[in-house]
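Shown next are two forms of a single protein chain, provided one at a time as structure tokens under the names structure 1 and structure 2.
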Structure 1
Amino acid sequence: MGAIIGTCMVGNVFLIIIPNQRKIVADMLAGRPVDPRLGAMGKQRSVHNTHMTLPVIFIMISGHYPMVTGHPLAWLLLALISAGGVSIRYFFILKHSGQIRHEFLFYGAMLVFAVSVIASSKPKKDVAAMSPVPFSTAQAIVDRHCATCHAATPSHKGFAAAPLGAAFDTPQQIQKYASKIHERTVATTSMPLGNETGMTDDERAQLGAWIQQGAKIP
């Protein structure tokens, strides 16, 4: 979505706004009458771009918000954030023309608030109904999907030390990080990084069940 909207914005600038300006300047210099449609088209495209700014900025930094990007309703959250961004931007556009319309700030804030409510109420899997997951299963999943980076001496060539000092070499270390592991792999899907190791939903559910069943180690 970010690439599509960004491409539209670049297209607006390089295919309409700048060429039209060049034509207008050339006409003026040559003493020809200037076609008012050229300016109107450019203005329309810059109005479009202005409204797309905040949604695109959000999409650019959205990798930091796995609560949103990893949510099953991510499309809805993005739509709400975009509408909120447009509303906030509209407040500033009006403000620059001397009108103060606080309701557009309010609409924007309400939409973003709706996003936070939906993002934090992700449907929980019924782990109580899942059969008990032994530590050996959880450890095997961590070894397969996390240990290349999260070890005292990572084997992943991109890492010289465990990221943020979080090493999962021993059962005690895995247990200590249990709630954070849940946060990164089940509540959100920000780990494994870029899902480089191809962790499946089933593995996430099993790891999550082991943690919610008390993160017991032998």
Structure 2
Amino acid sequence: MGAIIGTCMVGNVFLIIIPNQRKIVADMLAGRPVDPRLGAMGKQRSVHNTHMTLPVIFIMISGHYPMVTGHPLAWLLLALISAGGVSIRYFFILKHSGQIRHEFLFYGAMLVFAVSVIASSKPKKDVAAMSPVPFSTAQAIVDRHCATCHAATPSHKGFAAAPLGAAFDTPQQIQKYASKIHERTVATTSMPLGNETGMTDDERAQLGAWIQQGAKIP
């Protein structure tokens, strides 16, 4: 979605706004009549880009919000956030023209609030009630799905160092980051990225059970 919106915004600028501006300037310098439609088209595409600004900024930083991106209704949450961003941006568009319409700020705030309610109401698995999961099982899952990136020397070709400095090379390191591992792999399923290693629901449940059962190591 970010790529689609960003492509639309770039296309508006480089295919409509800038070419039309150059045509207008060329006509003015040559003393020819200026076609008003060129300015109107440029303004229309500029307004489109203005409305898309806040949604695309959120998508750019959405990796920091796994409670949204990892939610089963992520598509709905993104739609609500985008609508809220458009509403808030419209408030400022009107403000710049001398109109103060606070209701658009209110609409935007309510849409974002709805996102927070939906994101926090995700059903939680009662993994703590599972049979005790030994550390060896949890470690095998981490080694298979996490340690390719989260290691002192990552084997994943996309990383030269462990993301955020979080390495899972030793039992102590895995235990140290247990809560963050739970957040990203169990609570939100946002890791592994794109689930490129094929982490299964059973593995997530086992890893979550080990963490909720105390994240004990030998």
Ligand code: HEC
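Each residue is numbered by where it sits in the sequence of structure 1, with counting from 1. Definition used throughout: the rigid core is the maximal C-alpha set that superposes within 1.5 Å between two forms. Given the structure is predicted, the values throughout are model-derived calculations rather than measurements.
K.L.:
Tell me which of the two structures is the form predicted alone, please.
P.N.:
Of the two forms shown, it is structure 2 that corresponds to the form predicted alone, while structure 1 does not.
K.L.:
Aligned on the rigid core, do the two forms place the Cα of A209 2 Å or more apart, comparing between the two structures?
P.N.:
Yes, because once the rigid core is superposed, the C-alpha of A209 moves 2 Å or more between the two structures.
K.L.:
Would you say whether A167 is displaced between the two structures, judging by a C-alpha shift of 2 Å or more on the superposed rigid core?
P.N.:
Shift at A167: 2 Å or more after core fit.
K.L.:
Answer yes if the Cα of D35 shifts by 2 angstroms or more between the two structures on a rigid-core superposition, and no otherwise.
P.N.:
Superposed on the core, D35 moves its C-alpha less than 2 Å between the two structures.
K.L.:
Superposing on the core, what C-alpha displacement does P154 show between the two structures, in angstrom?
P.N.:
Reported C-alpha shift between the two structures: 8.2 Å at P154.
K.L.:
If the core is used for the superposition, what shift in Å does the C-alpha of H182 show between the two structures?
P.N.:
After core superposition, the C-alpha of H182 moves 3.0 Å between the two structures.
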